[in-house]
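In structure tokens, the next block holds one chain alone, the form predicted alone.
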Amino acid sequence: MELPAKKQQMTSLLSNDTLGRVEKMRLLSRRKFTNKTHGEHLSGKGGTSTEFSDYRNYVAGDDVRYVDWNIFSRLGRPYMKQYRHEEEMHVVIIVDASSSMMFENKFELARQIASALGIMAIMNLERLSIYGCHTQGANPFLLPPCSGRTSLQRLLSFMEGLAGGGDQAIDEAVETVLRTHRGRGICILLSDFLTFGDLAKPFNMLYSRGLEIMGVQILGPSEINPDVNGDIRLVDSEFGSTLDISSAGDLLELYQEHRLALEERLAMQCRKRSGRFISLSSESTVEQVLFDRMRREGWAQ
């Protein structure tokens, strides 16, 4: 008896089982959008879908086709039927592809998460753009706006081919993206956020452009719990500068205070702008991130 042929793996980034589950999920946004094209997300203003929302008083100039004549016959006053308006959400994913992400599976996990969230977007007819930001002053790698199942292979090919290595900080990357991006919705930032820059300015720019910030910090195990002792030399992976430290083990407590303070500062910067933030270890599997962490915290369903 012949065994059935093994199903071909669609992408190296996600298993077929994970891909199948992701296709049935959707991103959850807290904001309303003003794009005029139709998509799957509903805003609270009146529109042209068939889902009834509420009544309001008739005012001169209203389209009489939306008058509820049954209420008019009973009350003698015209009331307008309102419907929930379906609008397109633009999902922007910014992947930090700088050299600091090239350690301990950080960039690989970022590519997997970006692929999965991108699939959720296009399968729910949202517009999706992905930027891989690498070198200061250089144009980011770009997946131009796309939508729908027909864009799936294009998305997967782009993410499989996305390369890393460069010196662009995440705050500079955001400003680079916003020079060309148009559209309201969600901006997902995938980065270790190890930058000397101030993230308040780029976060303000994202918020003022109508983009809800979803920050995902990915750190390696040795960044979360470094195991160092004695005299060491630290080398900046992006600029090559060095720092010599004596008795490194004595500084671990101070390091942890700074790391946790950075995490809290990032979370606060997102919350202040009605956004969300999570910090992950690169040892996490993409399935743990998507089907446990993000679902529990209301990022996706």
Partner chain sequence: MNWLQFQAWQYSWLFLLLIPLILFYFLKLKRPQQRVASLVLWQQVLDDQRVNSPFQRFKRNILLLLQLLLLMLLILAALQPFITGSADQARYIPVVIDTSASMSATDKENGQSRLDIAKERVEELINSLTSGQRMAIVSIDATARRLTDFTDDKRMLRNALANLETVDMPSQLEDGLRMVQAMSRTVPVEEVILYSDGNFPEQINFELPFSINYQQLPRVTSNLGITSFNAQRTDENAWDIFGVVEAADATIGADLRLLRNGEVIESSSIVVGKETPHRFGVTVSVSDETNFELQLVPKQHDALAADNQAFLTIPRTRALRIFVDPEMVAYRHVLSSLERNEIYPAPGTDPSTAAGDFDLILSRKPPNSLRSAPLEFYENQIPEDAKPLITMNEDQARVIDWFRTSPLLEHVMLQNLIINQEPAYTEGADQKALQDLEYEILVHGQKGPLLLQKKSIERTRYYLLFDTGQSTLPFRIGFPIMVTNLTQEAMTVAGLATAAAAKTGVLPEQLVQRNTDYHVDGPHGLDRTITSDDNGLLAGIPAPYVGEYDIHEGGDLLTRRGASLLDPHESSLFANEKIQFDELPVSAAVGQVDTDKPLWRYLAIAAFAFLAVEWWFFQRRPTGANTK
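Numbering follows the first chain given and starts at 1. These figures come from a predicted structure and were not determined experimentally.
The same protein also exists as the form predicted together with the partner chain; that form is not shown, yet it is the one meant from here on.
- No residue in the set Ser279, Glu287 and Gln301 has a non-hydrogen atom no more than 4.5 Å from the partner chain in the predicted bound form.
- With the partner omitted here, the stretch from 153-161, 135-143, 187-195, 119-127 that lies within 4.5 Å of the partner chain by heavy atoms in the predicted bound form is 187-195.
- With a 4.5 Å cutoff on heavy atoms, Gln256 counts as touching the partner chain in the predicted bound form.
- Though the partner is left out of this view, Asn105 does not reach within 4.5 Å of the partner chain in the predicted bound form, counting heavy atoms only.
- Using a 4.5 Å cutoff between non-hydrogen atoms, Asp167 does not count as a contact of the partner chain in the predicted bound form.
- Taking the partner from elsewhere, Lys272 is found to have every heavy atom lying beyond 4.5 Å of the partner chain in the predicted bound form.
- When the partner chain is considered in the predicted bound form, only one residue from Leu234, Val67, Ala267, Leu28 comes within 4.5 Å through any heavy atom, namely Leu234.
- With the partner removed from view, the residue among Gly148, Pro226, Pro78, Gly210 that has a non-hydrogen atom within 4.5 Å of the partner chain in the predicted bound form turns out to be Pro226.
- Using a 4.5 Å cut-off on any heavy atom, the residues of 241-268 that reach the partner chain in the predicted bound form are, in sequence order, Ser241, Thr242, Leu243, Asp244, Ile245, Ser246, Ser247, Gly249, Asp250, Leu251, Leu252, Glu253, Leu254, Tyr255, Gln256, His258, Arg259, Leu260, Leu262, Arg265.
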